[in-house]
Ligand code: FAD
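What follows is one chain in structure tokens, specifically the form predicted alone.
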């Protein structure tokens, strides 16, 4: 079977066809077209089938990438999907939005000199083919269990845990404050990276498999945390982190200086057909405005590229480090540059100016000094380097922090770290409260979707062990 592999020496790397910048800037559709069958097989055959697959080692899910690449090259796609989905609950989502250039593809052993295998695009092709052929099935446990699990949060960690637990026969209920399942997959990530029907399709699959969703449900108001604990054998907290990090600069309170998630949520809701007053009024709409986005991560890239599609007059990204030190995906930076975003590297905001509404950003040039204890060079302001950017809307994409869950849940026994994340025993993933577990961003801080999926899978395993141990203890006590 290996005869078709190791084709990297004569077959060049190829990404799926990318729509032109002018074309894609006019809508929120995904920018990459799907691989054809021939292209997927050719690109999969470039895999070297190395003895130590660094792509797999550096994938948070440790996906069996060489195996499903080989199966794709051999046109054994149903088995390729089975191998792919064995370690990943949402391969169609990870294939689209994982920063492969930093993870699997960035660690491909043939990358130096030959360029990496296009792993993400092949993963997407495999899963979409599986959906088209009806190979993707809802959970169908061999036997139903009486025990129930409550999950707070319908994001990647919560949904992956629900999938794993449901497949073992547990009765699973997911509680979420929003009106749709998916968390940031629905409201935080723009459609040009992840079209919303992809997320809705996966949520429906979970529901068809017996997972109960209780949406528009705020813990602490609609239902108490203690009530949820009383109704279930175990509870998983997977709320994610949504509190925007702020910036304390003069003028930060002016109208027109907004958090990234508020801006992206308004845009995504509009694309979904919702009534969005703050968008219609122009408060969260970039049309005909000078936009300045502050930040250098993937959320900042989502904001600048969204503003382009909303027909902004100009879009500028202000980041205090250089391009090489940017935390966001380099592919996203390239896409943004192609679409017309102006990057002001080595620049940091000094103040927001305007009367009642922002009309500009004062910024200073930055020099990267010596490295600190983390190994990153420390940004230092260059004296007398102030310049002004016109701005009708400033979007702060500075990252996210956890909300005060003990206060929200009215549960002072829920211990949190100095960063506000929920504290757990990493071996058991359980909090100080028996039967209460936590996973995903609410534990590790704002991170990648793929880490949320991994944490959800791990939490499901620990919850299963806990519930079975509790049942064994009850049986022993009765006996």
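Note that this is a predicted model, so its numbers are computed, not measured. Positions refer to the first chain, counted from 1.
We do not show the form predicted in complex with the named molecule, though everything after this point is about it.
- The contact with the named molecule in the model of the complex, taken as any heavy atom within 4.5 Å, belongs to 299 out of 89, 127, 347, 299.
- When you look in the model of the complex, the only residue of 175, 319, 192, 170 with a non-hydrogen atom within 4.5 Å of the named molecule is 175.
- Residue contact check for residue 449: one or more of its heavy atoms lie within 4.5 Å of the named molecule in the model of the complex.
- When the named molecule is considered in the model of the complex, residue 267 lies well away from it, no heavy atom lying within 4.5 Å.
- Though the partner is left out of this view, residue 217 does reach within 4.5 Å of the named molecule in the model of the complex, counting heavy atoms only.
- Heavy atoms of residue 213 never reach within 4.5 Å of the named molecule in the model of the complex, leaving it off the interface.
- Here the chain stands by itself, but in the model of the complex one stretch of 145 to 153, 383 to 391, 249 to 257, 279 to 287, 145 to 153, has heavy atoms within 4.5 Å of the named molecule.
- Every residue in the set 157, 184 and 408 has a non-hydrogen atom no more than 4.5 Å from the named molecule in the model of the complex.
- Residue 400 is the sole member of 364 to 400 found to place a heavy atom within 4.5 Å of the named molecule in the model of the complex.
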